[in-house]
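Next up is one chain by itself, shown in structure tokens, the form predicted alone.
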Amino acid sequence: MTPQQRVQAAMAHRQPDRVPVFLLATMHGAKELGLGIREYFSRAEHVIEGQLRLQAKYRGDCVSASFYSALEAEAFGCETMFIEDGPPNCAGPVLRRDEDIDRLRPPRVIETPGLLRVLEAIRGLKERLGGRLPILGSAIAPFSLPVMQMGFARYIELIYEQPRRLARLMAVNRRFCVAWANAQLAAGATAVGYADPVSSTTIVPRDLYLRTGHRVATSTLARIKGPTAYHLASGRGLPIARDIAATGAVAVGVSALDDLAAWKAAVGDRVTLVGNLNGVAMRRWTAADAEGEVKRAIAAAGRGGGFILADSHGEVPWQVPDEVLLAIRAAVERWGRYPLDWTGG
């Protein structure tokens, strides 16, 4: 099977030739090209070449067109802070007063240089790869973007204390998220990851999620013209597993803090599970550790398809060495071949 066929089979809850594996090493391409992170993300051709080299090295079943999350905050006027050994982040809030929400307007994708670089990278990857591998885009959920727009503490206060302003902020962010996701799909992305860590039960209780993030997600995903994968970015999600499955997403990222088997029992074949290797612990794994974790995840969720092995955050940390990623890939080859008789399934 080609990677595209393998992923399609898994998404359809059929058993492909082996468990697909997504090694989402967005920053490791900079190492391949001998560039710093800031320089690497400054040009689309760097990311195209970096992703192609990583795919050839790790032989994963997708490429990632994601640059860094702060690009979406940049679109609203935030500055980005770059460091040498980790993902770029928003340098400070753009919504400094609550009243700023009243005047906020969604930025236009075609007028935002950073977003245009991502679209250029997607088109370049599509041209180089054709239909052999899925190309993954990403968009931050309207309910989670305000953490960068205004800061975490002020946003939590807004959720509880100012429902009118919260509704307006969600409307603006939803328009942007839909336009951004659809632009990536139009450029050639196969699917878009919908990053919504604030909706995780690590951060908000289920009853609040159902009144806020769930409603926002359902209305947003209905407007996106292609498949979406709901991702809580390492946050716990098992208590809202069935709620996420009802949003319209076709896949969901599962935290390393959650039980994969319990997730599979909760959602059945309603969504494909993606996860749940611990990227933080992965920095110090031996080859034996990697093999053990791969076996654990496949045994928990691999039977019957509907499972893609990946890290639990959606981005492999910069500090994870090649040896660990290669060990993960080798373990998938050894233990991920269907029908997975060794699991007893």
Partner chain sequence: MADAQVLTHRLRDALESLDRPRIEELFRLAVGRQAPLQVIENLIVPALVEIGEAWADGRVALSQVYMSSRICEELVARLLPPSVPVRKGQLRQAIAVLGDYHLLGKRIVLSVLRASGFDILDYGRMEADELVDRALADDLQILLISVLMLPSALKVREVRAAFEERRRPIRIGVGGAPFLFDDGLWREVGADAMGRNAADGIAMVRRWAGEVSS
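Numbering follows the first chain given and starts at 1. Since we're looking at a predicted model, the values are computed, not measured.
As for the form predicted in complex with its partner chain, it is not shown, yet the points below apply to it.
Proximity to its partner chain in the predicted complex, defined as a heavy atom within 4.5 Å, singles out one entry of Gln162, Asn182, Ser219, Thr202, which is Thr202. Checked against its partner chain in the predicted complex, the residues Glu157, Glu120, Asp269, Asp100 give one hit for a heavy atom within 4.5 Å, which is Glu157. At the 4.5 Å threshold, heavy atoms of Leu257 reach its partner chain in the predicted complex. Proximity of Gln319 to its partner chain in the predicted complex falls within the 4.5 Å heavy atom cutoff. Among heavy atoms of Asn278, some come within 4.5 Å of its partner chain in the predicted complex. In the predicted complex, no heavy atom of Glu127 sits within 4.5 Å of its partner chain. Only one of 182-190, 148-156, 167-175, 108-116 places residue heavy atoms within 4.5 angstroms of its partner chain in the predicted complex, namely 148-156. Counting a residue when any of its non-hydrogen atoms is within 4.5 Å of its partner chain in the predicted complex, the hits in 224-247 run Ser234, Arg236.
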